[in-house]
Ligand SMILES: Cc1ncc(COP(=O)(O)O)c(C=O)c1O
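A single chain comes next, written as structure tokens; it is the form predicted alone.
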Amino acid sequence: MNYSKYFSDELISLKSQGLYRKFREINRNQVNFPKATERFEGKERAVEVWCSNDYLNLSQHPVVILKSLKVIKELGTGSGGTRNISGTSTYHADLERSLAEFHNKESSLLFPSAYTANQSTLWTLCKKLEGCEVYSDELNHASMIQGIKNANAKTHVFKHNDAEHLEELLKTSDANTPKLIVFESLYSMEGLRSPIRKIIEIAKKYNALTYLDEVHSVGLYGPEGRGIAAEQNLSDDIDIINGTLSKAFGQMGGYIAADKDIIDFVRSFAPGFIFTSSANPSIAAASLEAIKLTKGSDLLRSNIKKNSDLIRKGLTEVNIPFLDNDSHIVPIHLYDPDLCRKASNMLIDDFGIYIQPVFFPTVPKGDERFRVTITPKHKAQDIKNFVKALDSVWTALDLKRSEKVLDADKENQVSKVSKIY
């Protein structure tokens, strides 16, 4: 086999489909975010960021930064190894206690990322629960799908947010077979919530464990930002909650929270935990500070809601197609990878607006989009300028306009599954 030719041909094919990804070198400035600096063609230029997952801007909070620096000076920049050998500090232990309390669970377990937490936990559960069958929402994150696939577990995929379809699938299951329902509270590409209460009712009826990804929910919803499950007073009814430190908390890493025996089980058997070096103690310490700040961030959360409503209002006024929802995520549809890239390039070149195009495999082919995420630091004037820039680009490229915004409640307007189980 000619390996060089194979890799080259695959990349050429990817580029010909308009699916090749390029990274932009952008430094988000702490002092004046959402302003940032891009290094482009050897020079620097000012841009404005509209696609950050640092939802509460806590990565740039002075208290968090000071705590991180203090611990770096105290303990250095590395953890020293895996948690089993020399990589557990008091900051790691304190953070796990804090996260358990945050989700009203007995215990929690840290991972290097939420992706690893999902993949490794689901692999472990599916492998160790003999004959386990998984019931997975069709739009679940790739990390969840990969963990299930790696375990080679029998998997039933139910239609997105369709509790009735989930129950139809469960009706045919053996009562004695271990079952695991895997879903998210808020889907990152659509900004749609799941019917958590209905899924819990079905899980109890058929004796299934529930695994809920709250990655895009923690910090932003519920009392003190404890998530959508807490907002609906359902945290106690979820068996395992997955969350992240890298979005609303502005740091790095992921975790699961559950009863102490489940956590101890995963800690003891999950290779993705056992054989991975732990996060730097400074990150754990910064995360602790971020969680404290999050609990008192009701004003920031209300500002995000107000800002996202302003974006939707502005997009409606200029007939730019978007998926309407009640979250901080605003998907803007372009339906073509080349046009999506051209629009992205025009926005940054002509208006200093930085927003990345989103295409396959993150979303299905033909459903390319921008995924707008607002933060408390975006001002009303920023939003007006953003919508005005979009309107100009839509006109210049003759992009599809909408007479009416996409209604998230209509079944045929929810994206079809793009990931392969």
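All values reported here derive from a predicted model rather than from experimental measurement. Numbers for residues come from their place in the sequence shown, where the first is 1.
What follows is about the form predicted in complex with the named molecule, which we do not show.
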Residues in which of 110-118, 127-135, 156-164, 91-99 have heavy atoms within 4.5 Å of the named molecule in the model of the complex? 110-118
Between the options G250, G225, G253, G191, which residue brings a heavy atom to within 4.5 Å of the named molecule in the model of the complex? G253
Quick one: of S297, S235, S143, N325, which gets a non-hydrogen atom within 4.5 angstroms of the named molecule in the model of the complex? S143
Looking at the partner-bound form in the model of the complex, is S308 within 4.5 Å of the named molecule by any heavy atom? no
Any of the heavy atoms of V215 lying within 4.5 Å of the named molecule in the model of the complex? yes
Would S282 count as touching the named molecule in the model of the complex under a 4.5 Å heavy atom rule? no
Look up in the model of the complex whether S344 has a non-hydrogen atom within 4.5 angstroms of the named molecule, and give yes or no. no
Quick one: which residues from 217-250 get a non-hydrogen atom within 4.5 Å of the named molecule in the model of the complex? T244, S246, K247
